[in-house]
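Okay, so here's just one chain, in structure tokens, the form predicted on its own.
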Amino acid sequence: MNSLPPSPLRRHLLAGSASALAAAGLASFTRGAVAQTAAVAAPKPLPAYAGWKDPNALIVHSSSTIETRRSAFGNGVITPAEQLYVRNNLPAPDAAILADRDAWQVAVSGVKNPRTMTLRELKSLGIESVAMVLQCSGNGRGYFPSKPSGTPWQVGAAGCVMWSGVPVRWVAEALGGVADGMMFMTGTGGEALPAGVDPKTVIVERSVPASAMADALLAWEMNGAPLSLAHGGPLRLIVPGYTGVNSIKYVKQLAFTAKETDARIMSHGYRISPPGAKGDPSQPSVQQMGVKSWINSPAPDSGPLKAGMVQILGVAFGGMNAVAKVEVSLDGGKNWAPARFVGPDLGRFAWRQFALATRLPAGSYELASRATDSAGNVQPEQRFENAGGYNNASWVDHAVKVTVA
């Protein structure tokens, strides 16, 4: 009943066909799990719902937190599904929900003609595709010296994937348009909730500004294959430019609302709280992503390099804006050189691969990358300290130290 991983041929086509592609996160809310570093002697096995993934490309922190190894990011723009990170705030539903995908139902409200629609009906409204960076809000948390509670992600709670589904704005139009005064778009997940507790304390339900509808999808495919259980199948709300927690898995309700949801994951979770403080509604919510980049090769664990020509490779994205340029430093940010983009531009929500070819004599180097988006926003040097370890885009934190022999 669970969806199968994409075939090698499909992966090859996705990675290699620029024309086909051109046609076209999730941070830690539930806390308390024991933090585990990437350096483990005996890696944990993949959980059953993600058992089809490539164990050699992943770090299993827990059954609900799986990270892509920095050295596993390839040079194609699209991240293969079997290498993509996983973050669940609640246990994944039973795979039986994939037995009849087209029968899945989502209730749409806050429109002039509210109703419940099946996936089959949604498919009849049309289809679009968007390439988008999916990134956990806590990606980079592992670099915070304060060691915030939650998974100590480094760079691997992110990937660039191709989503296909119906634009939310088309769904709203088919139901008469959004009702007056609705300021937010609120998605609700379909996970089973534990008995005996207030649903609002555990339900995965998030609100984003209604303007996000312009780019949002109700998606049933990822990278050209039916959406797997691990990534929210059979249907997921996709909100480009926003952190992964706002792209609701197993979406069962889509509501246009006058106020933000009062679910705890919204009112107190994923808030930018001062160090030592707890989240509350007065603090900024983790929503839109900012400009960010990092180097994937050479990787920190690559060992000594051979003196001579070296290709420095990485990824960069702008969140809500296209990434405009990337610079690379060999000396920890004292001097910068322009990198070049590699491969196709899949739109403003996708990331760009970058490369810098340079000759490195024997010695020690601190390799860093710094991206600038199309609006002129520059990747920050330092992280913004906060209790949850969210939104770390610091180029200093993401720098790579290497030795050349």
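From 1 onward, residues are counted along the sequence shown. Source: prediction; values computed, not measured.
Form predicted together with a small molecule: not shown, discussed below.
In plain terms, the part of the chain that comes close to the small molecule in the predicted bound form, with a heavy atom within 4.5 Å, is 228 to 236 out of 301 to 309, 228 to 236, 118 to 126, 193 to 201.
Among heavy atoms of F256, none comes within 4.5 Å of the small molecule in the predicted bound form. The small molecule is not shown here, but in the predicted bound form it comes within 4.5 Å of a heavy atom of N89. A residue is said to contact a partner when one of its heavy atoms sits within 4.5 Å of a partner heavy atom; K249 meets this definition for the small molecule in the predicted bound form.
Among residues of the shown chain, Y85 is one whose heavy atoms approach the small molecule to within 4.5 Å in the predicted bound form. Contact with the small molecule in the predicted bound form, judged by any heavy atom within 4.5 Å, is made by just one of C136, V155, V315, A216: C136.
For the candidate set G279, G189, G319, G150, a heavy atom within 4.5 Å of the small molecule in the predicted bound form is found for exactly one residue, namely G189.
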